[in-house]
Structures are given as structure tokens and as C-alpha cells.
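Take a look at this single chain in C-alpha cells; it is the form predicted alone.
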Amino acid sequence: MTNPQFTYYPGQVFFHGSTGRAMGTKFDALVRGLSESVSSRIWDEICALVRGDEAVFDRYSPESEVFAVNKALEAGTPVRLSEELEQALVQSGRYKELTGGLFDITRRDFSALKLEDHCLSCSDTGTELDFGGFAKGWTLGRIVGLLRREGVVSAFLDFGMSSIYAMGQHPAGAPWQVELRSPYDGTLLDVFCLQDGALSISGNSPSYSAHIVDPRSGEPVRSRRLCSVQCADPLDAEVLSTAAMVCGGKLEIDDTVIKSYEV
């Protein structure tokens, strides 16, 4: 995470915090109804949470836990997991079942992993953990929990316009609105109204494509498509938007709005 910034607006009783680059993008928070001192403390706690989760999930950083775990799996050595990473791994297995194999953090074969007594081993030394379609939703859920414990009722939380959570209402007294535009030509594709709910958008763009892999074939998804998921839980939303990209948007989950856009 780089260069976090915090600005408090006393007249409107809200703060805006921005982490700079974090978890592959940046995180912004607009939080209403708190004093400046409480706002500053909460923003520090949010930044610490984001840093901590980066230190767990960033597979590209030699200092992260997932990087170390992947090295151990490559060497065929069992490795002990932190409580957080173990919980995330177990949850990932549930999502693989929920999506019928469309979501898999190994991008190969989750069944090759074995978790026993808090230690992870793998029968396939080519397997790696990749929480790219999971970590932002996981962290966003933890931030929402933190704010709820502090009594916050109005906030807008945004990881790079791809993983979003809106608490309560916009200051104008209406649901928060989010526009979705084509990354290719700027065409307006949709407008979402959010109130106490999550939105995740996955897809390809001219500068960032083929990053989602179909675990059934091992091939990247190259289609010019975006998929959006609107539901109550930010982790559900992020995982399911990734799964929707893999199957071309042909995914149905109870209490979840899933859309696909050809761009």
C-alpha cells in the first residue's frame, strides 16, 4: 500500500480516505457521521487492515504469506497456515462447490490440496494459490464489519471500481449510484443503485485482459466482456463475478443479480 491520504470535512461530517495503490488497485472510503478524531482512528485501522491482508494474499510479493506457501508447495513441503489464510482457503473450497468448479484459487485442481492440523500440502507440485478473485472482497467484508462495529450507517467503499460496498444512503437521501462504462469506448452500460449491498465487476479491458483463467481448461478468458454481480456480501460478489466471466455470465445464484455485457 502506498501513500495513504485522509481528508476530513467538518461541515458535512464525513471523511475521504484513499490508500494509493493497494491490492493491485487502490481503495477509497467515504464515511459519514463521525467526529474527526474517531474518523482518523478508524482510517488508521482500515489502512492497517489493508496492509495486513496484502501481507497475506499478495502472491507476487516475496514478503507475503501466499508467496511463501507457494514456494513450499512447489518444493513439495507441507506448510503451516495462519488462521486468516486457513479460513480463506476453506471458504475458497466452498466457493468452488457453489460455482460447480468455475471458481478455483489454484486455477487447476483444488482437490490436489490437503489441509490437516493447520498445515497445507499438495499432491501436485505445479499448483499455486492465487487469491486474485477473492482477496479484495474478503478485505472489503472485514472493513464493512469494522465500520458496523463503530456504528457507521452511511459509507461508500471502493476497490478500484471493481469491488464496492455501499452502506446506508447517499448524503442526498437516495441510494448510492454507480455507473458502469465500457473500457473500450466509454459507452454507458448500466447504472446501479446500492444501499447496504455489494457490487463487483470483473472483465477484460484494452490494458488488462486474459487475467481470468478458466480452471476447467487452464486457458485465459479472452472475450470482450464484463460481468457484474449485485448481492449482500462483498466476498460473494467478487467471487461470483469471476465465475460469471468464466461461464460467459450464464450463472444463477439465489438472491444475486448477475449481468453480462458484451463490450
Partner chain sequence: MEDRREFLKQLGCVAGGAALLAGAPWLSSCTPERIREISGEKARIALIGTGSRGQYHIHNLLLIPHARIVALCDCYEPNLQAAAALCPGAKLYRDYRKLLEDKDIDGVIISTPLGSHAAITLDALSAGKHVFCEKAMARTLDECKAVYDAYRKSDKVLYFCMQRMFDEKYLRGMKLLHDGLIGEIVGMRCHWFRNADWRREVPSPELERQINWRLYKEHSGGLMTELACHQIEVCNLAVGRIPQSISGMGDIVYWKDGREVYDSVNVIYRYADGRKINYESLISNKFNGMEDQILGKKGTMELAKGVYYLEEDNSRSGIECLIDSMKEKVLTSVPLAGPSWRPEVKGQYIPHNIVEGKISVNGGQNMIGVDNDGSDVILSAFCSACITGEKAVNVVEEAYCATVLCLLGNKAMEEQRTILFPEYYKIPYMKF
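Just so it is clear, the structure is predicted and the values come from calculations on it, not from any experiment. Residue numbers count along the first chain shown, from 1.
One more form of this protein should be noted, the form predicted in complex with the partner chain, which is absent from this view; the next part is about it.
Visitor: Heavy atoms, 4.5 Å, the partner chain in the predicted complex: which of 141 to 149, 95 to 103, 76 to 84, 185 to 193 makes the cut? Say which one.
Guide: Among the candidates, contact is made by 185 to 193.
Visitor: What is the one choice in I46, L235, V69, L199 with a heavy atom within 4.5 Å of the partner chain in the predicted complex?
Guide: After the contact test, the surviving option is L199.
Visitor: Looking at L113, M167, L89, L180, which is the one with a non-hydrogen atom within 4.5 Å of the partner chain in the predicted complex?
Guide: In short, L180.
Visitor: Please tell me whether any heavy atom belonging to R32 falls inside 4.5 Å of a heavy atom of the partner chain, as the geometry stands in the predicted complex.
Guide: Result yes; R32 sits at the interface with the partner chain in the predicted complex.
Visitor: Considering non-hydrogen atoms and a 4.5 Å limit, does the partner chain approach V153 in the predicted complex?
Guide: The answer is no: V153 has no heavy atom within 4.5 Å of the partner chain.
Visitor: Might E65 be said to contact the partner chain in the predicted complex, defining contact as any heavy atom within 4.5 Å?
Guide: E65 lies outside the contact set for the partner chain.
Visitor: With the partner left out here, check for me: in the predicted complex, does some heavy atom of S205 sit within 4.5 Å of the partner chain?
Guide: Residue-level check for S205: yes, a contact with the partner chain.
Visitor: For the stretch 16 to 42, return the residues whose heavy atoms include at least one within 4.5 Å of the partner chain in the predicted complex, in the order they occur.
Guide: Residues within 4.5 Å: H16, R21, G24, T25, K26, D28, L30, R32.
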